[in-house]
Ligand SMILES: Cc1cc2nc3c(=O)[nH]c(=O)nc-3n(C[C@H](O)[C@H](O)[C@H](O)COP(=O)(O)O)c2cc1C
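Coming up is one lone chain in structure tokens, specifically the form predicted on its own.
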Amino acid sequence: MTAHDVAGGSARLLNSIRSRRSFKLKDLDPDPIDLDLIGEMLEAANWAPSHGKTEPWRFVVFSGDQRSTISEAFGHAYRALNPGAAFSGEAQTAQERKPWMAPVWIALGVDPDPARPEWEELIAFGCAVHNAQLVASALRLGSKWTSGAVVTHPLVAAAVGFGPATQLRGFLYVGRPVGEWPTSARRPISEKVRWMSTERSSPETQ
């Protein structure tokens, strides 16, 4: 591999990282997508680092009619969280409608190894999900990691098949964007880094 090949690969990877975005449901096409692409995303997830090679990530993929499982679970969870006067039929319907707005929903579970610090397992799990999102970006698929009280409710965890040892940490929904790919910006990295090096100094010390 030449230096040019290395530079080109680095540039493509950085572009995928820079272009990753979180998409609202309304900005995705609900039509089906090739599930082999989801397989590519999850293969990338499986190569995330984990201390002790615990690989604590667990995924369940819902598409097509199988999304009814999470639609019903979201409705039950909303009702459980909003008893009595707090309940709104319209709000419940809105929760039940969400899974039909994107063609693929991936339940995100983490099964921490009790021999490891939980924070390490959660970070490894987060890296796995991010790997999946980076590949989604490279494939020009829109995605978002969504969570919240309804989405992570025990009733939903049971519905997707997670046992007591597996924590439901939300869903990654995936679909094709209906409009232009969104842009974003970050503050300069120089505002967030100090170089403690004789070869390179932080801007404030120059």
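Sequential numbering from 1, following the sequence displayed. For clarity, every value in this text was computed on a predicted model and none was experimentally measured.
Although it is not shown, the form predicted in complex with the named molecule is what the next lines describe.
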message: Under a 4.5 Å heavy atom criterion, is residue 22 part of the interface with the named molecule in the model of the complex?
response: yes
- prompt: Is there a non-hydrogen atom of residue 186 within 4.5 angstroms of a non-hydrogen atom of the named molecule in the model of the complex?
  reply: yes
- request: Could you confirm whether residue 166 comes within 4.5 Å of the named molecule in the model of the complex, counting heavy atoms only?
  value: no
field: Contact flag, residue 148 vs the named molecule in the model of the complex, heavy atom cut 4.5 Å
entry: yes
- request: Just one of 154 to 162, 39 to 47, 26 to 34, 139 to 147 has residues with a heavy atom within 4.5 Å of the named molecule in the model of the complex, so point it out.
  value: 139 to 147
